[in-house]
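Just one chain is shown here, as structure tokens, and it is the form predicted alone.
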Amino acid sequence: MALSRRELLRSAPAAAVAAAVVAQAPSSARAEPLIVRMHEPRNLETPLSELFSRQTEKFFVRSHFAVPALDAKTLRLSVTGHVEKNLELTLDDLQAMDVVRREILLECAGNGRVFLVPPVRGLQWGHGGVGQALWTGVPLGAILARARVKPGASDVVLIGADRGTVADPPTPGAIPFDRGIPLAKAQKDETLIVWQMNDEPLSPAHGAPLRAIVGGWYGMASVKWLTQIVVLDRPHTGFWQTFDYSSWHRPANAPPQLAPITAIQPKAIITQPEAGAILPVNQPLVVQGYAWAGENRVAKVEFSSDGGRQWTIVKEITKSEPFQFVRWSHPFTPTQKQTYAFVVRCTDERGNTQAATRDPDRRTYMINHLIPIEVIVK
């Protein structure tokens, strides 16, 4: 489906284009290596020029409340609820288990929110609320096996030490950030409890001393500053599961209902050239960027120079693995002096492709519809 010029302009409002240009400016042009989206609690976006850098200090930061003061030496991770054996584990206990190291991508569920029209509440992320790191820890499934989960278990609730109040919608006083995931996902190999990021101890901003990593799911599931795990015999219905980080589903023959956000959707983005770039006519260039598909492999990336009317399959693409990004590049020579609308789309191995337009049932989350960038050729 091609987008009309009016739809292109609506899908990339001036504020969003400006944000995209700022996001692609070299980090050396700013004192802060990351883009500040909120000062307190600190929320930081990675510039597109630094996206997927191996440098932890350039990895985006998402926090709901102030960073809690925790001591790795006195930390105790409790495992309670619908289990036969309650646990209280130290960091030494966890490190004595079978340790694993996994490359896993994290994406904020609101990544790309600045491109939504009309504007919506929430952090105004450009494309930089995403990153990938090498995580070191133990599978959550191994911890649950020690606790001996009882038959009939449903959700595993991960609870952080950070606490605060939310005004809209209001919470019943201060609450922690928590997230429930189904037992089946909790027991998969890509769901980890980690203490290292890129072979260094977690920093406070990234959840030290201990955090969860739920591979293939949006970042809200990867709870930071983890101190409690509670196994339930029913679905979790906490604030962050219902009021927030949820989307509308429309079951057959039933009214719409809210359901928790889960898996990362396929997405491709352009990092070069930048939005608004002025390019010379008949001069070959290489359009490049990244793509990812959550739990699935990226099957193909396609490029269009005319807003999605015609598509070309990108041939230069790195090997795809589940839970990780790929790099892609595509040669293109603009032959007309005009404004081009560059856009890319990703299709995963299950055949899921980015939609041309936004699904409003997703509320302010899972933003993976096509977002063109305009470049001017003179």
Ligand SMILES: Nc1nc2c(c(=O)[nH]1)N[C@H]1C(S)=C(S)[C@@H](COP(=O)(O)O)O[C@H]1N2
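Model, not experiment: these values are computed from the prediction. Counting begins at 1, following the sequence as shown.
What comes next is about the form predicted in complex with the ligand, which does not appear here.
**Q** Using a 4.5 Å heavy atom cut-off, are Phe60, His64 and Tyr245 all in contact with the ligand in the predicted bound form?
**A** Judged in the predicted bound form, Phe60, His64 and Tyr245 all sit within 4.5 Å of the ligand.
**Q** Of 165-173, 83-91, 102-110, 263-271, which is the one stretch near the ligand in the predicted bound form, taking non-hydrogen atoms within 4.5 angstroms as near?
**A** Contact criterion met by 102-110 only.
**Q** Report the residue, out of Ala186, Val138, Met220, Ala208, that has at least one non-hydrogen atom within 4.5 angstroms of the ligand in the predicted bound form.
**A** Among Ala186, Val138, Met220, Ala208, a heavy atom within 4.5 Å of the ligand in the predicted bound form occurs only for Met220.
**Q** Even though the partner isn't displayed, in the predicted bound form is Gly216 close enough to the ligand, meaning a heavy atom within 4.5 Å?
**A** The answer is no: Gly216 has no heavy atom within 4.5 Å of the ligand.
**Q** With the cut-off set at 4.5 Å between non-hydrogen atoms, does Trp225 touch the ligand in the predicted bound form?
**A** Trp225: yes, in contact with the ligand in the predicted bound form.
**Q** Although the ligand is absent from this view, report whether Phe303 comes within 4.5 Å of it in the predicted bound form, heavy atoms only.
**A** The answer is no: Phe303 has no heavy atom within 4.5 Å of the ligand.
**Q** Spell out, yes or no, whether the shortest heavy atom distance between Gly180 and the ligand in the predicted bound form is within 4.5 Å.
**A** So Gly180 does not count as contacting the ligand.
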